[in-house]
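Next comes just one chain, in structure tokens: the form predicted on its own.
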């Protein structure tokens, strides 16, 4: 902030200086004005005896003549020298004259030196501005870490919710930095490194900011990618400089975000930027071994890809502790929602527990976006308070995308979508272990969703049985089954359903050992991202034979075919319910899952 003000003041100095020079120039020019006359007038004045004295140079004649208003006053003048024999004319009229050599010093000064100085000054000023924003060549080896002080950070552990275990680990480290004698008395040493691992959006960086706000010690924050530079050796130089500054200001905390950009396992590709990155990683390993743990320098890092980190980073003595910042459970989501709901000025009667049930799998960033989206919807719809309906609409927007009421769908396609979505819902309601159906809609959403069925789990699940997985596949295939049963034809609308069902079936065979023919063998050998949903290499081959691959493909096909048959059978038994619900859905465009449940109970009672 001070630097920007300094530059603004410098610019004003420059502008004021230019104005002063111009004003002085005009003043001097007006004060010492020399009248320029034609040579013919000069000769005429000479013949009239009005010329007093002159000085002759190679190109011009300069002197003084009698004033036209008062004969006792002199007026300076100059004229261009035309006649080379002017001296004869001057002798004839007895005018005192002298010859001088014309000095070009000041003219050269103003015509050459002043512009050069001006350009040099502008260049120096611009280079100073650029060097403040982008370090020059001599500062490439300097670290780019941002130093945070207690008064600069307004985040504390009160702003962090849903990750109590991670907070407990970090509180212990902060206590060690504040009261090292309490631990040194027992001979305990401070962990050298803490690695925060977890899915994106779970609050790893927020935890680091909370540490900065709670620690009362210098906090160096830098991204792993900032060590990577065009010039070889610059990354290692920045690591050295960072640790030197940290040791000089101990106790302190160093935080490296996106650690996988710097600490990726060595040995994969030995050309180009890989050599530079490996040198930087080697320097980091050396620095972590080199400093005394009792000095009070703690290295914190965050990553959502711990599986790609170099094993040397993860051994004891380097990153001693790996703190899992996982997706929050139901209680964690309630705590996170309560933190964000406090920021809403006009909040209605909201059941936070019900809202937490509607958001399974969401992380802290998702929940923050959800609360903000609900608030925006309330303002857009001109509500006086943020109501429950706004939160439900926000959940649907995050899950399925933006509602597109203006998208025109012809009646035939609209009818296909209605039966398709009801097929999902009826199969899900008919099978045990499936998530309850909350809403069915045929209003288009997002990029390609012409309708969707919203299922909300009652509780968080961490294990799923084979029966539940098969029921999930049947529910996914229910839409395609309804299309075939009603229209005797199938559409492209089941594209996403088939992809999800196939992924589940293949995982059952290759990862979960839920196939009798394939056996209880794990067939996936390629490393999988622990916290990232890659969606790649769906058909990647593991270490197994072609015969085993054929068995796997056949088992996946059998699972899909069997569950599709089950879905067809269930819908055939409830065809009258399907027809009646389709009429209601086509008329209202949205129906609740409770309507379908009540309809099923009525038909069962009548039957």
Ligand code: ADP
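Since the structure is predicted, the reported quantities are computational estimates derived from the model, not experimental observations. Numbering follows the first chain given and starts at 1.
From this point on, the text means the form predicted together with this ligand, which you will not see here.
A.B. asks: With this ligand left out of view, choose which of 235, 471, 364, 224 has a non-hydrogen atom within 4.5 angstroms of it in the predicted complex.
C.D. replies: Comparing distances to this ligand in the predicted complex, the residue within 4.5 Å is 364.
A.B. asks: Which listed residue (190, 368, 252, 285) meets the criterion of a heavy atom within 4.5 Å of this ligand in the predicted complex?
C.D. replies: Of the listed residues, the single hit is 368.
A.B. asks: 431-439, 197-205, 116-124, 414-422: which one contacts this ligand in the predicted complex at 4.5 Å, heavy atom to heavy atom?
C.D. replies: Looking at the other structure, the answer is 197-205.
A.B. asks: If we define contact as a non-hydrogen atom of the residue within 4.5 angstroms of the partner, is residue 159 a contact of this ligand in the predicted complex?
C.D. replies: It does: once this ligand is placed as it appears in the predicted complex, residue 159 has a heavy atom within 4.5 Å of it.
A.B. asks: Examine residue 340 and determine whether its closest non-hydrogen atom to this ligand in the predicted complex is within 4.5 angstroms.
C.D. replies: Heavy-atom contact with this ligand at 4.5 Å: present for residue 340.
A.B. asks: At the 4.5 Å heavy atom threshold, is residue 336 in contact with this ligand in the predicted complex?
C.D. replies: Result yes; residue 336 sits at the interface with this ligand in the predicted complex.
A.B. asks: Residue-level question: is residue 427 within 4.5 Å of this ligand in the predicted complex, judged on heavy atoms?
C.D. replies: Heavy-atom contact with this ligand at 4.5 Å: absent for residue 427.
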